[in-house]
Ligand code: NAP
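To begin, one chain is listed below as structure tokens, in the form predicted on its own.
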Amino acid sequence: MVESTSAIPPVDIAIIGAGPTGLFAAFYAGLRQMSVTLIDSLDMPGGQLATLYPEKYIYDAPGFPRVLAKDLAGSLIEQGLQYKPTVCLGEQVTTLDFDSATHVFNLSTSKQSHRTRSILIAAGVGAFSAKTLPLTNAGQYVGHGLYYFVSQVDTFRDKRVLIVGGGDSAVDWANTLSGVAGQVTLIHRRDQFRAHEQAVAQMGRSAVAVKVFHELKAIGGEGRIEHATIFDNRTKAEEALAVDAILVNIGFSNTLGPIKNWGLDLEGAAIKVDGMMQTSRPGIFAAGDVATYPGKLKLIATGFGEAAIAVNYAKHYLDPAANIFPGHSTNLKPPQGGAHGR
């Protein structure tokens, strides 16, 4: 006999998003002896660290002078899962209902329904996809010399690489690949970069050929990328480049998806929260890149702090007698065997 969903006791908190913020929230909720369901639309935990740029170095994670994204993700996964949350991967959240009689949320996904007493949305930038080149023949070269993500740095070893973009990802990859690829050229349509000053300065000292006010006009090759045409957007002068690979970092398109229909106060594609990380709906909190408030900075470091704030106030929401601040972790006795799951 299959147990009905309504007969399953609700967990204390359902965390939507298994990226850095969601994983740290799962750890902190376990530390506070809360039962947790961790949900992510991806098939693996770790978020963008694990799926978009696993071979990229992260320089602004506390405690690490520099760390590979995949290694940071691995440590966060180990920390986040130590209290045995129920982990549900490959599930896209869809609808949300609230039972006022039991004070329980019924959260539906593409696979099943979850019952929870509170919710933390840590969905990063939401559902995202890379912005692609607006060239008619670009699709045929994806995976054949044209890339939007880097899963293995060795893919570019000794290659002639053209990088398109001027943000953090483009500049960071230029610095990373300058010691791996045979030749790296970066083009950007402006002379101002949307990247950390230190990274831009490092690129300026490297062997990367930087061409500002330049854009990509055409690509071609027999079966895979062999050449590209770039042009100066001031003079319209064109230049042909022999290339083996093109890495495009021109941003992402993102959306909250069904979450935008949950009756939350939004600001663009972000969820508005107060100083306690509470949304406009009681019992629902948000943290990380998906949350916004005055003075917001989208950093991994701030996401960790927001996760701790959200979990502590969620604990107090569930049990008003519980201390909002439980003390430092060195003074807490970790739960034996982990927080209970479903």
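Since this is a predicted model, take the numbers as computed values, not measurements. Here, rigid core means the biggest group of C-alpha atoms that superpose within 1.5 Å across both forms. One-based numbering along the sequence shown.
Missing here is the form predicted in complex with the named molecule; even so, the following discussion is about that form.
For this chain, the superposed copy of the named molecule, brought over from its placement in the model of the complex, stays clear of the backbone and C-beta atoms by more than 2.4 Å at every atom, so the pocket is open. With the partner left out here, the named molecule still marks one of 189 to 197, 218 to 226, 73 to 81, 204 to 212 in the model of the complex; by a 4.5 Å heavy atom cut-off that stretch is 189 to 197. Contact with the named molecule in the model of the complex, defined as a heavy atom within 4.5 Å, holds for exactly one of L42, L52, V67, L31, namely L52. The contact with the named molecule in the model of the complex, taken as any heavy atom within 4.5 Å, belongs to S169 out of N175, S169, T116, T185. At a distance threshold of 4.5 angstroms between non-hydrogen atoms, K56 is in contact with the named molecule in the model of the complex. For the chain shown alone, I250 is a contact residue for the named molecule in the model of the complex, at least one non-hydrogen atom being within 4.5 angstroms. In the model of the complex, at least one heavy atom of G165 sits within 4.5 Å of the named molecule. Positional change of D191 between this form and the one not shown reaches 2 Å or more at the C-alpha, relative to the superposed core.
For H114, the Cα coordinates differ by under 2 angstroms between this form and the one not shown after the core has been superposed. Once both forms are fitted on their core, the CA shift for D71 between this form and the one not shown remains under 2 Å. Closer approach of the C-alpha atoms of L89 and Y148, by 3 angstroms or more, is seen in the model of the complex than in the present form. The Cα-Cα distance between T176 and Y59 is lengthened by 3 Å or more in the model of the complex relative to the form shown here.
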